[in-house]
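Shown here is one chain on its own, the form predicted alone, set out as structure tokens.
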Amino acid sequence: MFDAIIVGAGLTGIVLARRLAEEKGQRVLVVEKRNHIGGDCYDYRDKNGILIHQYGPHIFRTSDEAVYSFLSRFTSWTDYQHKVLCYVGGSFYPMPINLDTVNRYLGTNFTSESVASYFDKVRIRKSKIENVRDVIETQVGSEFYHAFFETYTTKQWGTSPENLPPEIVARIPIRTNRDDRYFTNKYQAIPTAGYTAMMQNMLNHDNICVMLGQDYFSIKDEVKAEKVYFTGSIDRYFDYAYGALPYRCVHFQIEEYARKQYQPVAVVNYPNDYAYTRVTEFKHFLKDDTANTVIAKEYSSDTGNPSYPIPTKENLAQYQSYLELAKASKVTFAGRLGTYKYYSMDQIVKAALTTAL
């Protein structure tokens, strides 16, 4: 009855489903083990009227016109410039590190030119960048590495920064100006009605059927199609033939407070204090005007639903073994879990838009 089966109703699977239904005229079955669409981008309005990102903050940003144009077919946007603070030693500092971060932390009065000279003076010279510590120390030296990055990275990934490949923090800029935006992409916004509504609009096509709360492997022999697109964990598909791929998992503790605001920005990082890595206050995203506020404290661990692939050399070698199995199969593996690669939302959409159908 179906031309294609897509396993997973996250952003990757939903974009693929829309393309197949619209461009190819194919009948598509989307199978999702959770009881909702949207994957980790799922959001909902709570009793206060606040849009809650159930699986942590999702900030859409891109400079890719094709990605922005595609998504804009299914949502209107509310402009949002993401700003993050870092709580160190009892004070809040802009993150990524910029001119204000340095001056407030050191009690100095650097200019853009003189702070660049300061970084050049304190940065650690290394002939080869081999890990996360190297990336940070070669840019801002040891003092800022220890204060802002070392413990945060350890909490987030469950291992020392020296054990992690440099690409994990390759996206973190260091600025000599006062720009306190976390991202500098051309388009930065939140879907006005939320991510779930945007993705539901993508699924609203006569050729798309969605099955929620259903594990694909329990019905694998009952539903057939010429093509299968799998966006779940690649190791799970092959029944862990080479062992379980390591992932970092994230848990959220939702708390409600009877006050207008909990913190000055949507996200505050806690590198050195408390067991959680960061706190998100959701009402900042769409400027929800409510008497109460809702936050999420974020904890990282090795157990739970897989969130972040851990791209060490050993883990990537293990993934390569699964990739060889994938090449020999007729299944297309896609998304963060299917390709064992971290993607931001615009990268997910771009990959899904360019995947051969």
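Heads up: residue numbers just count along the shown sequence, starting at 1. Because the structure is a prediction, the values reported are computed rather than measured.
Below, we refer to the form predicted in complex with a small molecule, which is not included among the displayed structures.
**Q** Does at least one non-hydrogen atom of residue 269 fall within 4.5 angstroms of the small molecule in the predicted complex?
**A** So residue 269 counts as contacting the small molecule.
**Q** Should residue 95 be classed as touching the small molecule in the predicted complex when contacts are defined as heavy atoms within 4.5 Å?
**A** Residue-level check for residue 95: yes, a contact with the small molecule.
**Q** Is it the case that residue 308, even though its partner is missing from this view, gets within 4.5 Å of the small molecule in the predicted complex, heavy atoms only?
**A** It does: once the small molecule is placed as it appears in the predicted complex, residue 308 has a heavy atom within 4.5 Å of it.
**Q** Do residue 139 and the small molecule share at least one heavy atom pair within 4.5 Å in the predicted complex?
**A** No, residue 139 is distant from the partner.
**Q** For the spot marked by 208, 217 and 230, is every residue within 4.5 Å of the small molecule in the predicted complex through some heavy atom?
**A** No residue of the spot touches the small molecule in the predicted complex.
**Q** Between 262, 282, 182, 74, only one gets a heavy atom within 4.5 angstroms of the small molecule in the predicted complex; which residue is that?
**A** Only one listed residue qualifies here, and that residue is 182.
**Q** Between 234, 168, 135, 202, only one gets a heavy atom within 4.5 angstroms of the small molecule in the predicted complex; which residue is that?
**A** Answer to the contact question: 168.
**Q** So which of 156-164, 98-106, 236-244, 121-129 is the stretch with heavy atoms within 4.5 Å of the small molecule in the predicted complex?
**A** Stretch 156-164 is the one.
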